[in-house]
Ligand code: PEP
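Below you'll find only one chain, the form predicted on its own, shown as structure tokens.
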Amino acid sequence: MKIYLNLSFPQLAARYADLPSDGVGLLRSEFLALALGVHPRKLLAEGGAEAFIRLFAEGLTEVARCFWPRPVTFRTLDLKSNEYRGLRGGQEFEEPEENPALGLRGCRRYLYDPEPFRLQLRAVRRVYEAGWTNVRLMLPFVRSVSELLACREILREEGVGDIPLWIMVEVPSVVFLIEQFLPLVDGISIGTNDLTQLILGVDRDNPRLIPLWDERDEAVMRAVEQVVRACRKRGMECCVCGDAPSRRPEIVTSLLPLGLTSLSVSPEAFERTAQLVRTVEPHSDLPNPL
């Protein structure tokens, strides 16, 4: 069992690189965009494409350098429309959405407005070509095979088609059709936050419904098991990078027997998670899937 770290701020990479983790399973890019403080399309209109690429490249380089040669999984932007509207120029370029969590986000946004996505990929290419080949890409909130194929074409056009590609499994449609997605990627990471929300029909931002939002629900665990089983058949790495293992230590003991190959947790939860894995893993009779 590999144990990765979830990171949000590149400047904290040096602090956590000494942990005996297997690398970074989730490097969130959202805080890089928020640090710019301006909507990407507004920045482009002002001639700021290079500033965007440079900021993302510098942040990714810092993490890749600190964790070298361990892998660093860079998840491309998954800001929602309400978050984009809070940036300078956001209200000029973003229409209000009744339900941003189900709106223009993830891969669908990349196809609707591809230029900011291409800028991120150019930053990744710059880092990779500088020798930091421990970087791998991860696409968030994939809804369909056709979306993934279209995004892969953009990756090819931007010269990053040979970089290892992962996708997030957050939408039930991907769970149901997981066998169709696996030939197109190098790894899978299950985002339990959105997956739980969508399977249970529970808005996790609604305080009245929070008691119902529980990743340990049987329906959620069955979905995770289905994805893990499919990955095992292909000998593919399958990770859980949602907050569940960090917030609910007891869920780790439920996830391990499923045959999961890796977990990605907050740095604060790393030691606790490692201890749980050491305790549970020797008692598992599952063969190593890789």
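Heads up: residue numbers just count along the shown sequence, starting at 1. Note that the coordinates shown come from a computational prediction; the quantities given were computed from them, not determined experimentally.
Same protein, other form: the form predicted together with phosphoenolpyruvate, not shown, and the subject of what follows.
Participant: So in the predicted bound form, is phosphoenolpyruvate close enough to C241 to count as touching (4.5 Å, heavy atoms)?
Facilitator: C241: yes, in contact with phosphoenolpyruvate in the predicted bound form.
Participant: Is there a non-hydrogen atom of E94 within 4.5 angstroms of a non-hydrogen atom of phosphoenolpyruvate in the predicted bound form?
Facilitator: Although phosphoenolpyruvate is absent here, E94 would stay clear of it in the predicted bound form, with no heavy atoms inside 4.5 Å.
Participant: Is R70 near phosphoenolpyruvate? Define near as a heavy atom within 4.5 Å, in the predicted bound form.
Facilitator: No - in the predicted bound form, heavy atoms of R70 and phosphoenolpyruvate never come within 4.5 Å of each other.
Participant: Can you tell me if N134 lies within 4.5 angstroms of phosphoenolpyruvate in the predicted bound form, counting non-hydrogen atoms only?
Facilitator: Taking the distances in the predicted bound form, the answer for N134 is no, it never comes within 4.5 Å of phosphoenolpyruvate.
Participant: So phosphoenolpyruvate isn't shown here. In the predicted bound form, which residue out of R28, R65, R232, R41 has a non-hydrogen atom within 4.5 Å of it?
Facilitator: After the contact test, the surviving option is R28.
Participant: So which of M168, C151, L77, V174 gets a non-hydrogen atom within 4.5 Å of phosphoenolpyruvate in the predicted bound form?
Facilitator: Contact check passes for M168.
Participant: Looking at heavy atoms inside 4.5 Å, which stretch does phosphoenolpyruvate contact in the predicted bound form, given the options 184-192, 108-116, 121-129, 143-151?
Facilitator: Selected range: 184-192.
Participant: Using a 4.5 Å cut-off on heavy atoms, what residues in 123-160 are near phosphoenolpyruvate in the predicted bound form?
Facilitator: Nothing in the stretch sits within 4.5 Å of the partner.
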